[in-house]
Structures are given as C-alpha cells and as structure tokens.
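Just the one chain here, the form predicted on its own, laid out as structure tokens.
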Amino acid sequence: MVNRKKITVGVTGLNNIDSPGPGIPVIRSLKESKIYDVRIIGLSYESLEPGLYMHELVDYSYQIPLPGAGVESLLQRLSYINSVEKLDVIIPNFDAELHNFIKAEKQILDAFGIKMFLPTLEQFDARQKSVLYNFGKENGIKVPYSKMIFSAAEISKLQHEFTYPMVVKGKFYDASIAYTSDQVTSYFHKISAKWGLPVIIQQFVSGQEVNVTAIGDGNGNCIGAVPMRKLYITDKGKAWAGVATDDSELIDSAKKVIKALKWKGGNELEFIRNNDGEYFLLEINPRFPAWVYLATGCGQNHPEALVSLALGDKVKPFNEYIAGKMFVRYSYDMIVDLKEYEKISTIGEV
C-alpha cells in the first residue's frame, strides 16, 4: 500500500454494542483502504460509546450535539472540530442524524470544505417506512402492506385491514411482532415514547430474513451490492452472524431500488423471502448497515467507494464479490482509564 492519499474522515455511529451502529465497521473498512491513508475522527453522542476508546481504530474523538439540538448547534460544533482537525469527509451513520446533515450539507461544504455523499431530502423521505408500500406499488417491488397510526385509538380499527400477527415499527428503529390488540397497544406506547409518531403497522410476512448492503452514485447506478442471509438474530432483531450469498435476484432488486430512487450514498435493503420463494422489501435504511464490513471482506469496500464519490473521483462499479464469507460478532471487555471517560464527559473530546 504505497502512495496512498492522506485524508481525515469524521465518522459517527461509534456505539459498538449489542445493537451496534455502523461506525466501527465503516472505520475498519477505511483503515483497510488501498487508496487512502485515513486518519479517523470519531464523532460521538454519548460518553460510553465503545468506539471512543478503540484507539487502534479511532485517532481522536469529539462529542457532537444530539440531533434534536438542530442544525445550528451542529454547525457550531463542527466549526470548532474542523478548526483543529481539517476534516476532508464526514460519514454520518445514524438514521436520526441524517436529516440535519442533509439539510446542512451545502453549509458544511461552503463553510468548512468538508465533503459528504448523502441522499437528498426527497430521496430520504421517499424511502420512509410510512410510504414504502406506495413506493413498491409504483415501481413493481413487492412490499408488505403498511399503515401509519398516530394514536392508540386507531388500534381497534386495524382488524379491518390486517390479520394477526402484525408488525409494529418505529419511524426510525425498532420492530415488534404483535399477536393481539393488547400487544399492539403495548408496543405502540413503547415505540412512540422512544421514537415519536407516527408508528407504522405492517403486514407480517413469514420467511427467511435477507439483507443487502449497497451504494448508489446519485444518478441511478448501483456502485456495489452484497447480499447477506442472517444466521443468528439477537432478541433485538439484529444479525449476530450472517453469510454472503450468491443471489442474483437480490442484486437485481437492489439495482431496481437504487435506480428508482436515484439513490445517493450507502444504504441497506431489508428483505424477507417467504415460503413460496418471493422476496418482499421490508425497509430501506438510508446508511450503511452495521455488517457493512462483510462486504469489505467479500471484496467490495463500500466505505472506501463512498469516500471516493464524496471527493468527486470516478468510481468503477463492483461487478463481483466472494460469496460464502461469514461474519460472526463477538464482545469483549476493554480496559480504559477513567480519566478518558472524564475527559470526554467534561470537555467533549478525547
């Protein structure tokens, strides 16, 4: 790896816990780049995000305001961080933060020279869970029927449109299968308290869960796509082990979605394969998944490609990958100095 270009990249999503964020897998992919020699600046929201203390991966870290603080707070904090670090690129990795970063993308570029490669607000909204069913109808993609509800009073009327079980989803995260109206009510209150309204009710489809990590160039072209079949799922519904599959139908479906949306940036497409072998699109997540490092292990370094696209370089689409590669997550205890925790908690950097 000689003559690699030195760049500094800010990365969010450092919560590498039992429900991990994509930040650490994105960083691992960038550290293995054959094009870039990357200095990583971690951007965190909480003082106990494990990535803050993974110094072999994250060179320096700063806390940034929670998304609810708004765009101006984000810009003020980035102004300070950039004055020290001179960031070239930022890769946001949380659904909830993307709205602010998308709104501020031009300001961040004009004021600080920091580049990103994000979907437009129109693209971001077009793949929301609340409108995904209509998107599927318009583009010939099978999507389970879904409906938004805004109050618990609407639950009694769902029996006219759905049969049990049904899936209760948050607008950003969380999904639970309900077998009774009491369970729907319980999940509604739990999810709305955490993620706000609306809550999405979706037709339940039984089958095998399969996902695709993909990246689009913003012009309708798919730069890369790797499908994964879940082998082990946690009680939070997260894949703890999975295998890359040789599935041309899933790749074609990913290309179809990216073309229809003219998607710009990374994404994750969640499918379920029913007992008849039909694929149903469940969600389009507007950022890389937490298992994106599997794609790197299969020969498609999507985070590296995203950085190239952000910097305005031409990127040749990946045409192949190695199927049969697996990922298996694990947990381990890091021993860190309390002073580091105190430093990030008090002055917001470490």
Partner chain sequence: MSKIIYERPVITKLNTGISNKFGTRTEYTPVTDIDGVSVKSIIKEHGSPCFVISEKQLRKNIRSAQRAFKTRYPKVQFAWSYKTNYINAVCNVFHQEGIWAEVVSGFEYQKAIQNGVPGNKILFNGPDKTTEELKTAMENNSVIHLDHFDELFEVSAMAEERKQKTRVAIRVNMDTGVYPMWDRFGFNYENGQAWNCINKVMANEWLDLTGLHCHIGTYMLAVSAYSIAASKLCDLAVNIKSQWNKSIEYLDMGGGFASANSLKGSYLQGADIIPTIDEYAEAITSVILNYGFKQNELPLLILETGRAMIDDAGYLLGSVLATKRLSDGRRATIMDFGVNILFTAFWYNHKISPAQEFSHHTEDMVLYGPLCMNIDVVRESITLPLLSKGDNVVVHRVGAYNMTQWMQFIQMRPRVVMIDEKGEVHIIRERETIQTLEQLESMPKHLSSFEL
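Quick caveat, the model's predicted, so the values are computed rather than measured. Residue numbers count along the first chain shown, from 1. In this text, rigid core is short for the largest set of C-alphas that superpose within 1.5 Å between two forms.
From this point on, the text means the form predicted together with its partner chain, which you will not see here.
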Which residue among 37, 59, 46, 313 has a heavy atom within 4.5 angstroms of its partner chain in the predicted complex?
46
From 264, 77, 147, 115: within 4.5 Å of its partner chain in the predicted complex by heavy atoms is 77
Within a 4.5 Å heavy atom cut-off, is residue 285 in contact with its partner chain in the predicted complex?
no
In the predicted complex, does residue 63 have a heavy atom within 4.5 Å of its partner chain?
yes
Is there a heavy atom of residue 68 no more than 4.5 Å from a heavy atom of its partner chain in the predicted complex?
yes
Check whether residue 152 has any heavy atom within 4.5 Å of a heavy atom of its partner chain in the predicted complex, and answer yes or no.
no
Which among 99-107, 220-228, 174-182, 233-241 is in contact with its partner chain in the predicted complex, heavy atoms within 4.5 angstroms?
99-107
What are the residues of 196-210, in order along the chain, with a heavy atom within 4.5 Å of its partner chain in the predicted complex?
none
Core-superposed comparison between the shown form and the other one, residue 171 Cα displacement 2 Å or beyond
yes
Once you line up the core, how about residue 197: does its CA shift reach 2 Å between the shown form and the other one?
yes
